[in-house]
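Here we start with a single chain on its own, the form predicted on its own, put down as structure tokens.
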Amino acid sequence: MSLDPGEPFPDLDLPDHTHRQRMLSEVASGDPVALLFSRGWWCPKEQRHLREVTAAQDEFEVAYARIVVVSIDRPEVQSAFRAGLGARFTFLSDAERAWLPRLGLLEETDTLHHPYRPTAFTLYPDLTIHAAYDGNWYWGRPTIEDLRKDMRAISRAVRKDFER
């Protein structure tokens, strides 16, 4: 499966942090998406990065853009982690690792948890990939400024009235 810019991202079907089954397209709801694959709540790098993302959630909300986090954590663990962050965005649980092998995003150095490799995608509302970030090393993860620029580019492309 190709996860390169310009390619369609699969319409994930996973339970969210409330155990409700969700489709990625449903969560996107016609808006641009920052899709973040996370090792899990226990990783200090994930905690740090998601605190930064959470700090930007107000901006995403008023700009009609979505943030979605996918991890192997069970929904009840995600719910607790989300509450601790103060996040309002959606967490999707792949605790059964249904999508992990199909996406080819296994973190190969962690033989205990078998989590996702920290990877981020910015997506158009139709789930076409705009940009991909390999965050195996912390500096490979998108900064808020990277996400802001991607969301601006996507919004400019899909919002007919973006520039008047």
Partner chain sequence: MGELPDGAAHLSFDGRTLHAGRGPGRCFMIDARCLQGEPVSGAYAHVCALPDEDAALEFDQTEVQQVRRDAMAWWIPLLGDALVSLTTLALDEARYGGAITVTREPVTWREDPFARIFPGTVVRSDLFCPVLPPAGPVVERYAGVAWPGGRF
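Just so it is clear, the model here is predicted, and its values are computed rather than measured. Numbering follows the first chain given and starts at 1.
There is another form of this protein, the form predicted in complex with its partner chain, and it is not shown here; the text below is about that form.
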property	result
Partner-proximal stretch of 102 to 110, 135 to 143, 27 to 35, 116 to 124 relative to its partner chain in the predicted complex, 4.5 angstroms, heavy atom	27 to 35
Joint contact, Tyr64, Thr90 and Arg159 to its partner chain in the predicted complex, by non-hydrogen atom at 4.5 Å	yes
Arg152 within 4.5 Å of its partner chain in the predicted complex, heavy atoms	no
Arg22 within 4.5 Å of its partner chain in the predicted complex, heavy atoms	yes
